[in-house]
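Shown here is one chain on its own, the form predicted alone, set out as structure tokens.
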Amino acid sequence: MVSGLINANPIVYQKKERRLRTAPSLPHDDYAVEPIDQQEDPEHPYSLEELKVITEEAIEVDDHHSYVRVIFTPTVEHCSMATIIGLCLRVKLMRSLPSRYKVDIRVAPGSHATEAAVNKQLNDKERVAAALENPNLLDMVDECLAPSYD
């Protein structure tokens, strides 16, 4: 284990059994929508589901209004990776959903010391675009998302 981690010993939960989901609004009814909770945590070799950073109940999809809201809970309230996790979630959804969807990524209320700042950063198009222009951040995002492409 790497020293200097914010949460060196996170609680790891068992993964839920999955059923294949489809998105009927997409061109093919059999289009498989990959769960975003399967992406890897930036600090640990576990999925966001295993760390309970993301739960099914925290994902709201309104296909009629082309809207998706994801609320995630960092493992500790001073998690320095909260913005990276949120950016990874946004990128995953941007790459997976049709462009008509508005995506809202938020930290669960009361779960992070700088909740308002993180939420503002994750939902500001210019800040997200600037972050994705940074090669180091983009590499980190791609690394977190890589397991979900398998």
Partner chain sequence: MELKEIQRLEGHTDRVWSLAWNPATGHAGVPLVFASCSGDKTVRIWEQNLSSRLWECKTVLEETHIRTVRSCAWSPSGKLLATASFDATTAIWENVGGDFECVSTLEGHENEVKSVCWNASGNLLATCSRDKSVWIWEVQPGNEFECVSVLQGHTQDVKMVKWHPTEDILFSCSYDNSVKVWADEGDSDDWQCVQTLGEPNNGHTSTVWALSFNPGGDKMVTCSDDLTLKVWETESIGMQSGGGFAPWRHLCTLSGYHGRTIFSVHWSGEGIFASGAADDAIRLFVEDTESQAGGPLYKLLLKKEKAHDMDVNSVQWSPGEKPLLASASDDGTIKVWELVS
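Just so we're clear, the structure is a prediction, and the values are computed from it rather than from any experiment. Positions refer to the first chain, counted from 1.
The form predicted in complex with its partner chain exists for this protein as well; it is not shown, and the discussion that follows is about that form.
Asks: Check for me: heavy atom within 4.5 Å of its partner chain in the model of the complex, for each of Tyr67, Lys120 and Arg127, yes or no.
Replies: The answer is yes: all three residues contact the partner (heavy atom, 4.5 Å cut-off).
Asks: Evaluate Arg95 for contact with its partner chain in the model of the complex, applying a 4.5 angstroms cut-off between non-hydrogen atoms, and reply yes or no.
Replies: So Arg95 does not count as contacting its partner chain.
Asks: With the partner left out of view, is Asp104 within 4.5 angstroms of its partner chain in the model of the complex by any non-hydrogen atom?
Replies: Yes, contact at 4.5 Å.
Asks: Do Glu133 and its partner chain come within 4.5 Å of each other in the model of the complex, heavy atoms counted?
Replies: Although its partner chain is absent here, Glu133 would touch it in the model of the complex, with heavy atoms inside 4.5 Å.
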